[in-house]
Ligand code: PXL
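Shown next as structure tokens: one chain only, the form predicted on its own.
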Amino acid sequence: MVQAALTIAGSDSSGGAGIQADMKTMSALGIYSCTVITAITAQNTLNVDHILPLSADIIKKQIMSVLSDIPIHAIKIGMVYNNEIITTVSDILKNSKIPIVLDPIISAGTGARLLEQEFLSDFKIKLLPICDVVTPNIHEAEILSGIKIKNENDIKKTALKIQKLGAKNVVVKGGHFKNNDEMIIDTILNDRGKFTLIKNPRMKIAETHGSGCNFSAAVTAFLALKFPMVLACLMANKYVHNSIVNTVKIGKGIPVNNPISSMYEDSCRFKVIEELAYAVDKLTSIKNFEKLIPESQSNIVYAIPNANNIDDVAGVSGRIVKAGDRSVPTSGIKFGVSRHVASSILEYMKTNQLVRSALNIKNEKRILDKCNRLFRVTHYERKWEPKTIKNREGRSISWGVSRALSKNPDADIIYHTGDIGKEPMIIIFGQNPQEVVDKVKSILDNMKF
């Protein structure tokens, strides 16, 4: 059964925070997200230009409409701009048995106030007592508690004070606490009075847009999945840490968290393995392919989009080898194998991101003649490789491919004639492994054995 969660929050037109961030986060964690919009904001990564709070009546109707139909397993409360909204949300949810996560949205990362100052008291009186966990950052914790945080002991005092105001569990996020240059420490106070600290290395990144929303939405998602409170917070912390690592500079202002980066990457990796496995099966079933396999064996690789290193490139673990009159893969598909062919595709992608697959075959005159007749071909000579490159492990292939592409950036085939201890090689490139397999078939169809 699909678990569902409800987020009650403002709409962020930049897509980095609010309802939009909550939906991305919950979806990435496998939760069906329902929404209640409390306010419409006109904002970007630089500032909040305008706020239009919705009426209490339409907010009430949104909540009741969802709850009357869909089984909700956890609720998040985000931006509640004024007393009307605070009271409406509190009145409807005060007797709810559904776990409630309260994210005290007082101001945006760009500085604009998202909770009117005169309604702070109402916020504390009406919403803190109905929530199962509240997730303030350092500044929000100071405002809610009235305690100026100067050290880590003050953070604990703050959490205890907020708990006395009615919140069952409190998580004080430490990202804005500048007294520790090396670590970020999030402090969890559970409903039994026990503290748990979550420590992460401080990343060299400035303020980001959406991390608070991502965290509270992730806690909501894990509670909807029935995880215990503290474990839900620990898992949410790990999830958001990854979204911050993958922060994107999308506008002119502060960077935006990327909460769906892991979901996108996992999807890409699955598709890469699936397509490559199919292509290997097709490749090894082509008649006479074994005659193209060099002494150092062959491998076919496929990179995820925006690949950065060899761990982003999949290939046959152990390579494709000649076995009599057949060709066979010696093992399955894995990421981070076949350094030479993987290095070639990583270098090619610097010129053309669409070309993500490559295969090495032997370099013989008659094979090369067919390649020249059928495809766009370029080459490099390993004997001209500078010593500074040759002496650096793993740099030779990148240097050669870059040199060859400088002569023909649209090449289908790159070859070299070898060097002392280095076998001559042809590398076939394509946008995907099926295209590479098709090129191999074209070469073999035009040859006689």
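For every residue, the number given is its place in the sequence shown, counted from 1. This one's a predicted model, so the numbers in the text were calculated from it and none came from an experiment.
What comes next is about the form predicted in complex with the ligand, which is not displayed.
Touches the ligand in the predicted complex: S33 (any heavy atom, 4.5 Å): Output for S33 is no: heavy atoms all beyond 4.5 Å of the ligand.
H209 within 4.5 Å of the ligand in the predicted complex, heavy atoms: H209: yes, in contact with the ligand in the predicted complex.
The ligand contact in the predicted complex: A159, any heavy atom under 4.5 Å: Because no heavy atom of A159 falls inside 4.5 Å of the ligand in the predicted complex, the answer is no.
4.5 Å heavy atom contact, S11 to the ligand in the predicted complex: Contact check for S11: yes, within 4.5 Å of the ligand in the predicted complex.
Contacting member of M79, V316, L223, V313, with respect to the ligand in the predicted complex [4.5 Å, heavy atom]: Answer to the contact question: M79.
Residue among A232, I188, C371, L114 with a heavy atom within 4.5 Å of the ligand in the predicted complex: Of the candidates A232, I188, C371, L114, L114 is the one lying within 4.5 Å of the ligand in the predicted complex.
Proximity to the ligand in the predicted complex (heavy atom, within 4.5 Å), stretch among 405-413, 37-45, 420-428, 53-61: In the other structure, the partner sits against 37-45.
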